[in-house]
Structure formats: C-alpha cells, structure tokens
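Single chain ahead, written as structure tokens, the form predicted alone.
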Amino acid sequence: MPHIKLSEEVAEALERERPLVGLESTIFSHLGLPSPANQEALARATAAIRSQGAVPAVTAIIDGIPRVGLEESEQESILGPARKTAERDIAVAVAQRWSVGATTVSASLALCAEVGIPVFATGGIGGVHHGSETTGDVSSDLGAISLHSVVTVCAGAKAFLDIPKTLEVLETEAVPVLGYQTDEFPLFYARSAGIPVPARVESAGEVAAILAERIRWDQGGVLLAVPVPENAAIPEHEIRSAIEDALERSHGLRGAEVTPFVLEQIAQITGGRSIPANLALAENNARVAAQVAVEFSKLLG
C-alpha cells in the first residue's frame, strides 16, 4: 500500500493482526466540533478504543498523502481548519496536495477497506436531506457503507436528516441496519427516532459474526446503530424542535455547507447541550466499535 501512509502503531497492529478501529477526522476538525471539544472528542474516542484492547486509526489526508493512523505529534494538524474530504475527493486531495483533508465517513471507509481495517466508528452518518426530491442531496456515505466490507458504528444518522428516507436508501443498497441493544433507530442526540430497526443485536460477537458472513458472501458493509448514553441524551421532542429551527436558519445552503452550519445552530439553540451529547456518543461508539473489532479478530484467529 505505498499510496497510503500508516502510522507506526497501525502498521505494527496490521502486521500482528491486532484489532483496529478506524476513525474519521471530520468530527475532530473545525467542521465537526468547536475547540476545545474537538480535542476532547479525539482523546476520549482513542482512549475508549484502547481500553477495550484495540488500536485507534485516525484517517486523514495530510500534505496530499492519505493517512491511516497519525503519530501523536501529528494529531494537532487535524484539530484546526481543514477541507472536507469525501471518498470522491481523495484523488483530488492527493493530486492537488491538500494540506489537511478531514475525511468524512465515505473517505474513511475507503481508506479502512484499502488497508484491511474491518471496523469503523463515527458520530453519525450522512444520509438523505430533507427536500432531496428537489435538490438530489443524498450523502455518499450511504453508498460507501454498502460498498466497503466494514462495520460502521454510529449513533444513527445526523439528526437533521430525513431519517425514514435514509433508511429506505440503505434498504435499497442492501445494507443490514442493526440496532445495538435497541429496537429503534437512534436519533443521534436522542436515543430513538421512533423508527424500528430491521434487526436487533445484543452483543459485539453477534455483529462480528454478521460481518464475517457479509464478507463470505462478498456483500459489503454493515451499519450498527448505537443509542447515545442515556445520561447524555437530549429528549426527542426537544432536539426535534431545535433541528426545525436550525434547518429554517439554513435555508439556501447546499451540499457541504449544510452540516457544519446546522450543527453550530443546534448547539446554540440547545444552550450548548448538544456538544456534551456529541462527545458522549462519539466515545461510546468508539468503545462499542473496539469490542466488535476484538470479537472479529477472535473469529479470524
């Protein structure tokens, strides 16, 4: 894989077949969480992964080089301004030697799949935006989840998206959507969107076994939806009201502009309560992802 640079720790873990968990870098940049919350998110997510016996692998584009795993001295680079980098942008970012490309879910999945990391953790996936029947605004995250044989661990889709349509696209793309110890799809900041999940799983071992079968049949990825921890959740009615206000303020924005703007507005409307919820769910997703990675490693061993 000469076209991808691995950190020393990730390279060693791959060589020794130790469990790894991929992480996107968008959430840790200015596009995801404000400073210093983004730095806290990175510290908590990586610590959660290590606590379960797995190795964290942050993905990014640094000086035009795709990266899987960052040395400790390099982590500062992803905490500041960066260019949002989806899977479609990787070739452009490399050819134009972007200084810092913050990888989204789709780009991170592509990099994880390329180096052989079977589990990836994020906050919330992208999906179908409201009004997509007019704008055609559907995140490439959904296609990437379908294509790459990786478990994506999330707290649902970003809460301001059209959740029913997002789940319909995932069904069309033949992606298994699993609820982790829940019967309902999470709503990012809230524990439920009020929509049932197609399948419920109780353990990391079940998820690992499902991924193994998907790989056996060459069927692509799996989406594991994990509710935000109860002590950090925002009630569904409250977050839905905040989302409606934020979307009203975002009128006229399109594409990559929408997500960071709406997240910022939700933080303002909720009096900053969305940020602790975001930190808690990112940490929890990372912990569950590491448990899945450990169980999947056992199946291979």
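As the structure is a prediction and not an experimental result, all values here were calculated from the model. Note that residue numbering follows the sequence shown and begins at 1.
The following text describes the form predicted in complex with pseudouridine-5'-monophosphate (PSU), which does not appear among the structures shown.
Although the partner is absent here, Val262 sits far enough away that none of its heavy atoms falls within 4.5 Å of pseudouridine-5'-monophosphate (PSU) in the predicted bound form.
In the predicted bound form, no heavy atom of Gly101 sits within 4.5 Å of pseudouridine-5'-monophosphate (PSU). Shown alone here, Leu167 lies farther than 4.5 Å from pseudouridine-5'-monophosphate (PSU) in the predicted bound form, counting heavy atoms only.
Using a 4.5 angstroms limit between non-hydrogen atoms, Gly32 touches pseudouridine-5'-monophosphate (PSU) in the predicted bound form.
Taken together, Arg249, Val258 and Gln268 are entirely out of contact with pseudouridine-5'-monophosphate (PSU) in the predicted bound form: none brings a heavy atom within 4.5 Å. Only one segment in the set 167 to 175, 68 to 76, 119 to 127, 201 to 209 has residues whose heavy atoms sit within 4.5 Å of pseudouridine-5'-monophosphate (PSU) in the predicted bound form; it is 119 to 127. Distance criterion of 4.5 Å from any heavy atom to pseudouridine-5'-monophosphate (PSU) in the predicted bound form singles out Val105 from the list Val226, Ala190, Val105, Val197. Taking pseudouridine-5'-monophosphate (PSU) as positioned in the predicted bound form, the residues of 128 to 164 that bring a heavy atom within 4.5 Å of it are, in sequence order, His129, Ser139, Ser140, Asp141, Lys158.
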